[in-house]
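First comes one chain, alone, set out as structure tokens in the form predicted alone.
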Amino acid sequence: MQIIQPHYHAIARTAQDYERMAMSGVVAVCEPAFWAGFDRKYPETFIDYFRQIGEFEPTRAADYGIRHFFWVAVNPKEAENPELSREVLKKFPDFFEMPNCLGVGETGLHKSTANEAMIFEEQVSLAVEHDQLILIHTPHLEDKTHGTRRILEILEGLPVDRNRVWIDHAEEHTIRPILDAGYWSGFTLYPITKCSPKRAVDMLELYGRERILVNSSADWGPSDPFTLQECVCEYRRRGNSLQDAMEIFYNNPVRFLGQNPKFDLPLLKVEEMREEAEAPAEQPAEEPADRA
């Protein structure tokens, strides 16, 4: 089965993770910009980071036959410095021109401060102006409900195409408002601060698979990209079909991300994959007999 990892911080992971993902069916990864573990002080630091995930990481992924795409954003944890944030935002259009950049993400809120909300709104407006996809981070744990509500309020006042907006890190108490408002929702399989594979499958069974993206968001914290494969196994263990699994873990990312023509992976059906696998191998042309 082919899998797409739609939210993955490859810069924090080893080449062995790429290798293991390739061996378990992952054909593409998408890397949003995120917090470095400390607050960056200079615009150039962000620019070099964007270049690393946009230029170098694709070469590491390609060594294992995996496509790599990326996003640009000022993480909400660093939005408390509006002057710095705006200097970085000026450079976004340069990256939008790159052949593997999908849009603005992950922007959003962390503590839902006034500065965070202001820079979030400016990033969304820039994405709309340049016809880019949008990936939004919702806060952790105790601020999840309030932060998600505040994000929805801000988006309500902006001219966004809701089908081109993905609100990530949803949990049982926040998924319904996101889906009801017409946005895509993401489940993040991350210990402690987000949700487990079993909880994600529970939510899939409760809310269905429409406009749902499942990801590991693996980074430098206590995380593992293979929680995504664990989720696939748990989903199948409960009796769901292979085609249904492919719809969630491959075709849904294609449906959302493919709204940017740079993400050109095709939708797949199990029958088509079986026919391709069962097709006889093309025989090499016979070598002409040596002339006497």
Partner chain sequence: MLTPSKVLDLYFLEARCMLIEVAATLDRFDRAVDSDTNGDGGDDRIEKLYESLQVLSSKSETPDRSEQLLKLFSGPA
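Numbering follows the first chain given and starts at 1. Remember, it's a predicted structure, so these values are computed and weren't measured experimentally.
This next part talks about the form predicted together with its partner chain, which is not shown.
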{"property": "Option touching its partner chain, based on a heavy atom within 4.5 Å in the model of the complex, out of 86, 162, 198, 209", "result": "198"}
{"property": "Its partner chain: the contacting residue among 80, 121, 202, 131 in the model of the complex [heavy atom, 4.5 Å]", "result": "202"}
{"property": "One stretch from 69-77, 104-112, 184-192, 151-159 that, in the model of the complex, holds residues within 4.5 Å of its partner chain by heavy atom", "result": "184-192"}
{"property": "Non-hydrogen atom contact residue 236 with its partner chain in the model of the complex at 4.5 angstroms", "result": "no"}
